[in-house]
Ligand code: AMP
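Below you will find one chain, with nothing else, as C-alpha cells; this is the form predicted on its own, and questions on how it binds or moves follow later.
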Amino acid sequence: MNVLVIGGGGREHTLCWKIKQSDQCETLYAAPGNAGTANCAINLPLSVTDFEGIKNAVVEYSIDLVIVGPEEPLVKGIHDYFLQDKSVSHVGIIGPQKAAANLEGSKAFAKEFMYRHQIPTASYAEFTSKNISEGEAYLANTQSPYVLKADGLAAGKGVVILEDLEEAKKELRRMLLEKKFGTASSKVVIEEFLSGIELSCFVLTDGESYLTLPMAKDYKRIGEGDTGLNTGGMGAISPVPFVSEAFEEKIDKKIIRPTIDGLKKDGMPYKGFVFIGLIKVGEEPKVIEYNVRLGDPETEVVLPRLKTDLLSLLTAVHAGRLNEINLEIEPKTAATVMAVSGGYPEAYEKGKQITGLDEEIGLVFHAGTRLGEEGVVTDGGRVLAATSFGKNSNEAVIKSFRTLEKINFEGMYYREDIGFDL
C-alpha cells in the first residue's frame, strides 16, 4: 500500500523509519518531511494545513493511508475534510476527527471531559476577559505555585507556573487582555498544582478497542537537572522504571478505559493515538493533559521498542480490527537524546552544516533538518535525536552520547543528564 505521513519533525521521521520496515509498504511519502525522511520516503513540499494540496497528492499518488503527525491539522479538522470529499473519503486517516481533537485543542474542553467521566485530574476553573476579576479572586483562594494555561494551541508554550500571587494576577491579565499567546489565551484555565513525577502514556485506538504502547518519560527543560526554560523535549526514556505492574493497572482502570469509553459515550469517533500526559502523585496517577497524536521526543523511544509491524497496527485501526492484534514489545530500555541549536528555546540560527551523519553511527532521527546545497543543514531548534538500547537507562543514554559525539554543527548542545532522576 502507499502511505503518507504528514509532518516534518523527529516524530515523523521515526514514523517513516518504522513504517518503511513493513512488507505491506509499497511507496512512502512525507509532507513536508525533512532530510531524514528523504532517506526512507519521498518528500512532498506541502504545508501540514494545506488540506487541498494534501488531498490532491493523495489522489495523484494513489495513497491508501494517511498518518497525521502534528496536532494542528487534526484540531483544524483534516480528518473531517477527507470524510466530506468523495474522492478521498475511502482513504484511511490515522488521527481523530475535529470534535475529539478538541481534547488537545482546548484545555477547558479536556477538563470538562475528564470531570464528566470521573477521570482523575487537578481541580480547575476557566476565565475570560469578561470575568478577569473572578479569576484574580480564584488565584487568591488557591495555594502557590499557581498554574495558568492558555486554553488553545500555543506551540507548547502556553503554560505558566508562578510562585508569587501578584505576579500570577499580572500574568492572567497579560494572557487575557494583552493576548500574550494570541487567540490561544482568549480563555485561561487556572489549575491546582500537582506535585509528583511525570510520565507519558500512549494509547492506540480504533474507537472500540485499544492497545497501550510502551510508556515513556521525557525531559522538557533546557538545562541539566531539569532547570531553565521549557522546550519541546530534550530526551526521553522507555520503559519508565517507577511504573510497576500495579501502577500500570491503575492507569488502565482509572484513566485509559474511562477515556476510551468517554469518547464513545460522547459520540466522538476516534481512530488514532491518544497521548496522555500523566503525573504520579503518591501512588495515584492523574491526568495533566491530553494530546491527540504521538509525542516528541517520546516517539523516538516508543516506536523503536515496537516489535509488532506498525503498518499492520495502523491498518487494523482504520478497519476497526485492533482487537485482533497482539502487541510485541522489546524489553530493553530505549533512550533518546536531543541535539539542539545554540540559543534554543529562544533565538537561534538555521542553516548550520551538519557533519558526521555519513559515519557508522547509531540510530539518529532528524527533527529540524533540510537538505542544503552542500548536504544536511539545521532547520529548527531541535535538530537531531540519537536513540540507543541498553539493559537500563544509564547504558542506553551513554550509547546515545557516543552517537552524538560523532556529529557536529555550530552551536550544537545536548543535555548530558537524561534519565538522571531514574
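Residue numbers run from 1 along the displayed sequence. Being a predicted model, the structure only gives us computed values, none of them experimental.
Quick note: we don't show the form predicted together with adenosine monophosphate (AMP), though the next part is all about it.
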query: Full three-residue contact with adenosine monophosphate (AMP) in the predicted complex, heavy atom 4.5 Å, for Ala122, Lys149 and Phe193; finding: yes
query: Partner contact for Lys107 in the predicted complex: adenosine monophosphate (AMP), 4.5 angstroms, heavy atom; finding: yes
query: Leu310: touches adenosine monophosphate (AMP) in the predicted complex, heavy atom cutoff 4.5 angstroms; finding: no
query: Interface membership of Ile260, adenosine monophosphate (AMP) in the predicted complex, 4.5 Å heavy atom rule; finding: no
query: Contact of Lys264 with adenosine monophosphate (AMP) in the predicted complex (heavy atom, 4.5 Å); finding: no
query: In the predicted complex, the one of His117, Lys220, Lys170, Lys250 near adenosine monophosphate (AMP) [non-hydrogen atom within 4.5 angstroms]; finding: Lys220
query: Contact residue in the predicted complex, chosen from Leu177, Leu327, Ile161, Leu229 - any heavy atom within 4.5 Å of adenosine monophosphate (AMP); finding: Ile161
query: Which of 336-344, 72-80, 133-141, 193-201 sits within 4.5 Å of adenosine monophosphate (AMP) in the predicted complex, heavy atom basis; finding: 193-201
query: Within 256-294, the residues that have a heavy atom no more than 4.5 Å from adenosine monophosphate (AMP) in the predicted complex; finding: Ile288, Glu289
